[in-house]
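Quick heads-up: it's one chain on its own, the form predicted alone, in structure tokens.
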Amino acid sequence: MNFKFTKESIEKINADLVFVVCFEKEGEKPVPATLQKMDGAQDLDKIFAGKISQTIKERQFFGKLGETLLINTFGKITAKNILIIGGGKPKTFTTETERQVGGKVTQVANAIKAESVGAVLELGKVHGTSVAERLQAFVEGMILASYSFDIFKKEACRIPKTLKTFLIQAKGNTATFQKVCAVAQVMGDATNLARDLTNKPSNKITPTALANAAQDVAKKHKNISCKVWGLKEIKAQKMGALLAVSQGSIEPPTFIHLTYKPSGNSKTKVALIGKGITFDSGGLNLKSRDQEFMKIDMGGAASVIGVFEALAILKPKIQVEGFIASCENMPSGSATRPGDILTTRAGTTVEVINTDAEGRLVLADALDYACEFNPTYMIDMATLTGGAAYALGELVTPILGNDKRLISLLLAAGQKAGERSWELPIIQDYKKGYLKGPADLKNSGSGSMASTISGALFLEDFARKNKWVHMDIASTSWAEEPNNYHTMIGATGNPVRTLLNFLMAL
């Protein structure tokens, strides 16, 4: 996307489409919206002799969030069309509102095959949000809404994305705004990379292909390095849990280690650990349905790779290490059996009760290895438990950990990104069931209904004494209901932007 700044008033912006925002009026009964002055809408209405306001009333346009009204200009101004878009109720306006509006504007622009859109940048605070915050969120919405996943369709069946330029009318020095747009572009592109990796089917994204994707990021950027281990190195590292999960598949496992180093010395080091199960059949505890969705079980790994793509460009002043344990979980004559006992890299023995509780096993080895780099913070992200959806639904990510400050920073970063999260408690009593049996731990069957908490409890010891948080993205990494900027059913890229906001804040 190209971002250009202009001094021209809205009626002279040389774009295919200009847009203005109307807010919903408070009250028991819906009332047609009115045009604002600050974004040039009232000036446009004067040029059209009040016809825009009249159309709003006639069409019963109330200004609900995402509601749209498209008006042809018939040559009265430079732009061919005016889009009136709803911003919802002023009391509920946030940067997420801007993100939703940016996504909807992009949808409409592509629908009418517009190549450029223009608008007036409202300077100063609006409902407690700064102009930079609003602009970044709006552009993020544009980039996310421009995403499509149709590479496996015939070219004639693909939906064209015509929008290429955003023209912004702004007064004064626009250098800061240019930087804001660039940051938003990077964050959006990183999220879309994670979406691409997660959306691809398992015959295209194998453990080896996932490792190649990580290496591609490193090849593009001098400040990123990538080390990939195959079966030989994984055995040498005694990653018994990763080996046990992978042994039922003909696809060899991989272990991926990404590193970003800032230009100067950094006292802060963050470890990001992603679950990379590229297909999860459930193993011998075979899943009974919806196996076609199990390509998404590497959503955590995809997020790590997306984050590193952005880090290379954003260049925060902290060191970041990324760790991905990747394999397939398949049933075969060589697959791990329920009742088998394995030994993790940490030396902890685990009795496998359920071969479909494999994510915590591969993460255990990855967490243990990550500890050797003495991170300031450790964050793992994984499509770990179906219980995440029962706990918080499909719009909120459960996070659990042992450090309140780290949790609060991630909650704030998620709020800024529009990727909501919520802390669940670590309750040690739920771990008792894991301790019964012939091994140090069982991988399932804790006896608790709190499966999301129990999953985190299994991982906790493998983080050792480090400041650690677990993000269970099982329900938030995939969207069944599109919205204004996630315009299709599929991967969301959650929590890429949360992590980037967190890292930049550090």
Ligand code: BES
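Residue numbers here begin at 1 and follow the sequence given. Quick caveat: nothing in here was measured; it's all calculated off a predicted structure.
We do not show the form predicted together with the named molecule, though everything after this point is about it.
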query: Can you pick the one in V180, L243, M294, A170 that has a heavy atom within 4.5 Å of the named molecule in the predicted bound form?
result: M294
message: Quick check on this chain: which one of V352, A310, L384, A214 has a heavy atom within 4.5 Å of the named molecule in the predicted bound form?
response: L384
- prompt: Thinking of the named molecule in the predicted bound form, which stretch from 154-162, 186-194, 214-222, 354-362 has heavy atoms inside 4.5 Å of it?
  reply: 354-362
message: Is A474 near the named molecule? Define near as a heavy atom within 4.5 Å, in the predicted bound form.
response: yes
- prompt: E328: heavy atom within 4.5 Å of the named molecule in the predicted bound form?
  reply: no
- request: Report yes if any heavy atom of K287 sits within 4.5 Å of a heavy atom of the named molecule in the predicted bound form; otherwise report no.
  value: yes
Touches the named molecule in the predicted bound form: N466 (any heavy atom, 4.5 Å): no
- prompt: Does each of E24, T92 and K104 have at least one heavy atom within 4.5 Å of the named molecule in the predicted bound form?
  reply: no
field: Residues of stretch 217-238 in contact with the named molecule in the predicted bound form (4.5 Å, non-hydrogen atom)
entry: none
